[in-house]
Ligand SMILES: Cc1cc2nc3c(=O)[nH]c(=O)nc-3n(C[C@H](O)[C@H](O)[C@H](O)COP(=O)(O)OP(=O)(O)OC[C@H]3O[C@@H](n4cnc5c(N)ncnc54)[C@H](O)[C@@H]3O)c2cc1C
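The form predicted on its own is given below as one chain in C-alpha cells.
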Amino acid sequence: MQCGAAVRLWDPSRVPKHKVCGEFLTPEIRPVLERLQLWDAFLDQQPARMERMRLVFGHRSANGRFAEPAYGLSRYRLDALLRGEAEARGAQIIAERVPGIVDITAHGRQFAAAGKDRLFGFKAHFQGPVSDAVELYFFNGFYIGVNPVEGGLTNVCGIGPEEGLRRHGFDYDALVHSNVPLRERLNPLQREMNWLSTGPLLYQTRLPAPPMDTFLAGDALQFVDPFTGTGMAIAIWSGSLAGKAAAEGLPTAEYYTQIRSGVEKQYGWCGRLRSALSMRFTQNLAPYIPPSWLYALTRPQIESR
C-alpha cells in the first residue's frame, strides 16, 4: 500500500488469537517498523522492554546484556496491530480460504510428516513478578524461553522432542517443573491460560530452493530455530520486502537474493549451534561462552535493507 498497490488479504483464520510463539522481538525490529511507519503504534501497545539475556544449562548459567533493548509483545497484540493497520491503510480483508494463485504466501510454519525426532512447541502466559531479561533453559533436548510481554505477563514458550514429551504424558506443567532452575524461576508465577501446543514442527539448517511463481514470507519461507529470537523480526521484514517487490513487479529471484543476503548465514549458524547444544559435553562448556557471541552469530542483517 505504501507503494500504491491495492492489497487483498486472504485469511480464513480468526485473528487475533493466541499462538505458540516466543513473543520476543530482537532490537532489529525497530528499524523495520520505522520503515513501515509502525514504530509509534508498536510502542502504544506497551511492549515489555528487555535489557539482558540469560542462558541456563543445567545448574550453570551465562549472562549478558543487549547493546540495544529488545521487546516482548504477545502475538495476540502484534497480529491485531498489523492487521488493523493494514485495514486502516486500505487493505481488503477477505475471511475465506486462500485462492490457488496469490502474489505473496505467508501461511506460517511447515509441519513434519510422521517419523522419528519430531519436535513440538508449547506456550502459556503466567502472571506475577516480571524481569527485564529473556531467559533460555536447556535440558534433555528441550529449550524453554521465559520473557516478559505486555500487561505484566510472562511468556513461557518451549520446543522439544516428542519422546521427551511422552515421558511427561504431554503434561507441560510437569515438564517445566522437572527442571530445578526453571521450576524455581516459575514458582512465584501463576499460569493464567491453558497451555497451547503445535507440531510436529519442521525446520532445516538452510534456506530451501524457493518457488519462482510466488513470494514466500515469514515461516512459509523457512521456520527459524526459535532459540535465536529473530522469527518475528524476520517475518515482518520479509513480508515488507515481499509486498514491495510484488507491488513494483520485481522478479521473485531478485527478492530471494535479498532474503538470502540478509539471513542465510544466520540460518547456517542456527543449525550448527542447535546441533552443538544438543550434545551433553557442549552444554558443560556453553556457560563459559559469552551470550553476546551467540547472539552476534545468529543476528540477521536486516536493519539497512
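What you see is a predicted model, and the numbers here were worked out from it, not measured in a lab. All residue numbers refer to positions in the sequence shown, first residue = 1.
Same protein, other form: the form predicted together with the ligand, not shown, and the subject of what follows.
Ile144 falls outside the set of residues with a heavy atom inside 4.5 Å of the ligand in the model of the complex. In the model of the complex, the ligand lies within 4.5 Å of some heavy atom of Leu201. At least one heavy atom of Arg75 is located within 4.5 Å of the ligand in the model of the complex. Not displayed here, the ligand is kept clear of Ala124 by more than 4.5 Å at the level of heavy atoms in the model of the complex. Only one segment in the set 124-132, 151-159, 185-193, 169-177 has residues whose heavy atoms sit within 4.5 Å of the ligand in the model of the complex; it is 151-159.
Residues of 19-34 lying near the ligand in the model of the complex, listed in sequence order, are Lys19, Val20, Cys21, Gly22, Glu23, Phe24, the criterion being any heavy atom within 4.5 Å.
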